[in-house]
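As structure tokens, one chain now follows by itself in the form predicted on its own.
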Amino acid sequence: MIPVNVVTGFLGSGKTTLLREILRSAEFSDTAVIVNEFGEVGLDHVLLEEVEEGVLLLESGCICCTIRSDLKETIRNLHDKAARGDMPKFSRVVIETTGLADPAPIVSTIAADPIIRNHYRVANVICTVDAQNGRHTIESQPEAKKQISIADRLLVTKADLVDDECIAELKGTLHRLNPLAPIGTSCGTGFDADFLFGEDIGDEKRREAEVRRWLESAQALERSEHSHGHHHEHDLHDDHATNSFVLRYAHPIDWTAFGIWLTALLHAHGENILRVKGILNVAESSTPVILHGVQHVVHPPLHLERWPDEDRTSRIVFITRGISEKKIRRSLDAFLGMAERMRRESAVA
């Protein structure tokens, strides 16, 4: 399946600069890039030919197109033309969002559309953050906070324009909002393409390494929770407050019961469940199940061939907005407890 990378970030955070480098790089020569406007990325000097209105073939080999009436139509159109040989085939898609956009609907489109999801998968969400204005933007713009919380990779841009202390403070803020996402820095050139685009949990060759990485992030989050008194209830009166926490379960989880519970949770509170990521020890399998969701969308669960470490507990990381750990833990505990009682009653009968 063709991986799709979503590049998000608030206005002026450096998305276009990142795209320009991608479009010039031989490493991305078989990439289709979807943008909102050609003029924003300055393509005149790299244009090879215009395949049709709104679709350009670049000297690097990239295909660049603008979004048509909606994203689904754009992706389907590109796929059909490549399949017919009307344009070169591509092995990756990069989608740039607008500065005020919520990236979650893009993830939802790819995961939910029955035609698209047979050929494409969401690889990751990359969020650019302006080193100069990032902290102010986060404090004043809920959209920026959400973009950061949903991302799989964070890139602090314009790092050459501020001092090290400013960057360290910004990274601390980003880590509190999204403890699962690694944070890179950039001065406008020489982007670390492998860091940004290389790893995703859907890539079987890199899956184990990515699972290990975010498990380390989960462990660090747990240590932080304990060192700061575990709960942050004072933040939860703010509808835009972001809360991150880890749920652990020592005993195997009933997979069916968990799936029903998660479906109900996302149906009721999906807008405020920004991220959920977990490794589950399920009663029905001797190997772990990997869970990855963004708001209302839960990607198909992945089964690992083996456990990445000796720890066999289920570990589920949530990044929520205005919903406390206590509320989610109480709900899941009650649901799993009910499933266990039903299982025991059925066994006795």
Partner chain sequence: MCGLCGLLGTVHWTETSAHPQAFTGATRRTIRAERLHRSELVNRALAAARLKLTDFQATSYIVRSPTGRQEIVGDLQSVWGAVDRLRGKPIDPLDDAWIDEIEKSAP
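Note that the structure is a prediction, hence the values are computed from the model and not measured. Residue numbers count along the first chain shown, from 1.
Not pictured, yet referred to below: the form predicted in complex with the partner chain.
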### Message
Suppose contact means a heavy atom within 4.5 Å; in the model of the complex, does that hold for all of 260, 265 and 330 with the partner chain?
### Response
yes
### Message
Contact with the partner chain in the model of the complex for residue 195, defined as at least one heavy atom pair within 4.5 Å: yes or no?
### Response
no
#### Entry: Contact label in the model of the complex: residue 338 to the partner chain, heavy atom within 4.5 Å
yes
### Message
Can you tell me if residue 289 lies within 4.5 angstroms of the partner chain in the model of the complex, counting non-hydrogen atoms only?
### Response
yes
### Query
Does the 4.5 Å heavy atom contact test between residue 98 and the partner chain in the model of the complex come out positive?
no
### Residue (of 132, 173, 256, 219) lying close to the partner chain in the model of the complex, criterion heavy atoms within 4.5 Å
256
### Query
Tell me which of 80 to 88, 247 to 255, 175 to 183, 158 to 166 has residues with heavy atoms within 4.5 angstroms of the partner chain in the model of the complex?
247 to 255
